[in-house]
Each structure stands twice: as C-alpha cells, then as structure tokens.
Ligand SMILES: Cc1ncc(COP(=O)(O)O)c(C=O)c1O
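Before any questions on binding or motion, here is one chain by itself as structure tokens, the form predicted on its own.
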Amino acid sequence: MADNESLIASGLVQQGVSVTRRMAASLPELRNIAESKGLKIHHLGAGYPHPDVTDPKGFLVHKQAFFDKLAAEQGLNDPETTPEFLREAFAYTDTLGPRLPRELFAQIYGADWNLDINPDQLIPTVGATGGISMVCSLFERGDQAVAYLTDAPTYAGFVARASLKQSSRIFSVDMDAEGPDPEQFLSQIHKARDEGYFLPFYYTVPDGHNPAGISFSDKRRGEILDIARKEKLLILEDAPYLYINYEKPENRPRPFIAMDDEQTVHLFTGSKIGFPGPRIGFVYSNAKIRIKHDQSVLLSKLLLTEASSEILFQNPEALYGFAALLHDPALEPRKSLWSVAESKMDVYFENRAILLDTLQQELGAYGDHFSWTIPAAGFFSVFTFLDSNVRADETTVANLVSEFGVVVVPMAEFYPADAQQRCAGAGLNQIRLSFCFSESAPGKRADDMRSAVSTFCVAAKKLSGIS
C-alpha cells in the first residue's frame, strides 16, 4: 500500500485553491467572531443568484403543468401508463440529452441573437464551468505543452481548471474600461507561440465580466475578433450574465457568437436566469478544427466525444425541467429568453442602484481616495482604494468580516501569475463587491443591501484614515 501511495503521489502536484473557495471555507469561523461581537453579517462577496429570484415553488407548478401537457400530446391520459418523455426523463439518455430541450433552446436563443443554431451541435454541460472543463480537456489530450490566453483579472474558476495540467501556462492581457488591450492581446499570442506553446483559445466573460465588473464595447469586441481570426485563435466566450443586462436594448453589444460563430465557442448557463441547482448549460460552436494537414472536423463533434468520456449520460429530468422554463405561463414556447430574465432583473436593477447610489452618497466626496466601476451587466463592481497605504489583501478582507461583519472578496488573486509579474501588487488595492445576494427575510432585501453597502463605506473610510 505504501509503495502504491508514493507512486501515485509522485505524479501529482498540490493545486492552489481559488480565493473564492478559501473565503467560503473561512467564512463560518469569521462569522462566529463577528456574531460574538453582535455584528450583523453583510454579504457583498458571493456571486450567487438571489433567493428572491430562485424560489422554486411557482416553477414546480409550471413544470408539472408542462409535463401534463406533454403526456396529453403523446395521447397517454391513462394514469396507469407512463408517458414516453417521463420514462426518458428518469432513464439513461444519449450524451446529447433529450432532443426537445435542445430544439427549443436553439429556436429561442437563436432568435434572440440572430443565430441559426443546429440542435445537434448543442452539447449539454454541467453549467458553464462544465463547459470550461470540457473544452480545456479536449485541447490537453495532445503531447504539446498547452497555454491559455485570458484577461487580467479573470474568473477564478477558469484559472483553477486551466492550472490542473502541470505543463500548462496562462498568458494574460490587461484590460481597460472597454475590454482587453488589443496590442497586448496580439503580443501575448506571439509570445506564447514563440515559447513553444500550443495556444488553442482565448477565454473571457465579455458581458458583466467576472470579476472586473465591466462589459466589452462593440468596438473592442471587433478589434479582438479581427486579431483572433488572423491568428487562428478561438474565442471561448463564457456568457452567464448575457441576459443580466442594465443597458437599454439598443445599447447592448452583441456576443462574440453572434459576430462569428465559426471563431467562437459559446458557453451558456441557465443558472442566472433560471435555477442554479440543476446546473443546466450548453456549449455551442460552428468552428472547425484541423486535425490533420488535409482534414478538418467540426469542433462540436470533438466536444461530443469529450462529453461522452466525461459525462456519458446527462440529467434528462433537469433538461426537461429547463424545457418547461422555455415555455410561457400559457405553455406556449417563448419568443425570447429576455422574458425569463425580466422577473430577475427587477431585483438586480434595484440592488445595483442601491450599491451605486450609496457609494456615491457616502464616498462620492472622496474621489481622491476611492473609485468603483459602473457595471453594465452582471453582479459585480470593482472597488479601488486610491491610497497607496491601503492593502486589500486576504488579511484585510478577513478583518472586514470580523470587525464590521462585511463579506467581500479581494481582487489580487483574480490576476494570473504573469499579470502580477508585470505589475507587482496587481489588484492589491481592489475589492470585488457583489450586489446579487443576501440572506434577507422576505421583504427585507433592499434594507439589507443598503445596510451592507453603508457599513462597507464606513469600513472603507476607516481603512483610508478618514474620520
């Protein structure tokens, strides 16, 4: 046994745990300290959908009505007979899952973004995170050292997955308010390839960027897409907040997949506009990959093979539940997913307004000390301390919980290693503020959000020495 253990251990390296996971693990102890001092816990850290928009009671009634409709359409009104769809929903299924949810999603999502989506190229995933893992795994199967291009900062879940392969390396691109720097984007592509890495894709969250709290401009998307085309680099577009958008419809930028579905690999998740628990997602692309000098194949075919090796059987009952969500209250197929998002947006619009208004009211007079981003989509704003003596590291963040009851996440560890090498202390003066979640009792959400942001403002002023 000892020999086997040493043999296994020799091939493994301890992986770093993402900052969000570490904060979640440390929260119970910090919560106990805060509550022992009589402090209320204020959540400005978690990027979770709010309980007010994920109450399943009404959905369960709606889903049952949809299931009853399917049974009637199949001509099986005998309660002793199990409809075919219901058998399928609780049985082994193909890796693509049942066809109905894919057909409905292709029709509705395609109409929203002017896309002709082939349902047979929609591959179910375990949320967008499952899609990230699947795409990474596909390109890691060769012998060549793999590198990934991403933003600085970037989603911690992507860094955690991309770092699993010991020989892989992340090359990052700094951002401004419009998105990644195009010149550095191109130079990082060349640098990775000059150093002998296979660079398959650029990963990003262009709408409601997690954690940067920005959305890429149309102009910047076009510049990045042009470079990607010329350099034959795929864009892996993570789109959890595509419908959590605060801009007027005419001002909303198009996702990369709508600009070029042959250059983009698109990750959809239903967690933010539906329910997070079922972990419904899809990966979609019309890209072709050259596998030999004279042979190309659809990326979706390779991903389907990858999916069948990772998750042979999808969860068909959850996918049928998602199909119910794609029907309106009259059980007719929806014309758009924006109607699903609208009920959620009332909550997030108000929470965002409370965050931004309270920051302006309480800290607006101290523009030489603080700044923050104005999110056009998503759940996050990045708060920056402009005083060089304030260090927003994990120790500071832990003290915010224990001394003020305020839970936030430090930005520094969202920056890949090469970004920290380019700029010592990258993100160490920044905190990610989330305005999406609270543990409020019904009717208390807005009051809790105001209290949370106001308490954070008090803490921020104390950190900066403002009485």
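Don't overthink the numbering: it's just position in the shown sequence, from 1. For clarity, every value in this text was computed on a predicted model and none was experimentally measured.
We do not show the form predicted together with the named molecule, though everything after this point is about it.
Asker: If you check in the predicted complex, do 216, 245 and 375 all have a non-hydrogen atom within 4.5 Å of the named molecule?
Answerer: So, no: the whole triplet misses the named molecule.
Asker: The named molecule isn't shown here, but in the predicted complex, which of 106-114, 135-143, 204-212, 222-230 has heavy atoms within 4.5 Å of it?
Answerer: The contacting stretch is 204-212.
Asker: Given that the partner is absent here, does residue 284 sit within 4.5 Å of the named molecule in the predicted complex, heavy atoms only?
Answerer: Residue 284: no, not in contact with the named molecule in the predicted complex.
Asker: Given that the named molecule is not shown alongside this chain, does residue 155 nevertheless sit within 4.5 Å of it in the predicted complex, heavy atom to heavy atom?
Answerer: Close contact exists here: in the predicted complex, residue 155 approaches the named molecule to within 4.5 Å, heavy atoms only.
Asker: Flag residue 161 as yes or no: does it have a non-hydrogen atom within 4.5 angstroms of any non-hydrogen atom of the named molecule in the predicted complex?
Answerer: No, residue 161 stays farther than 4.5 Å from the named molecule in the predicted complex.
Asker: Given that the named molecule is not shown alongside this chain, does residue 148 nevertheless sit within 4.5 Å of it in the predicted complex, heavy atom to heavy atom?
Answerer: Residue-level check for residue 148: no, no contact with the named molecule.
Asker: Looking at 351, 269, 172, 264, which has any heavy atom no more than 4.5 Å from the named molecule in the predicted complex?
Answerer: None of the others qualify; the residue that does is 269.
Asker: Would you mind picking the one in 327, 279, 252, 165 that has a heavy atom within 4.5 Å of the named molecule in the predicted complex?
Answerer: It is 279.
Asker: So which residues in 229-246, when you check the named molecule in the predicted complex, have a heavy atom no farther than 4.5 Å from it?
Answerer: Read in sequence order, the residues that approach the named molecule (within 4.5 Å, in the predicted complex) are 238, 240, 241.
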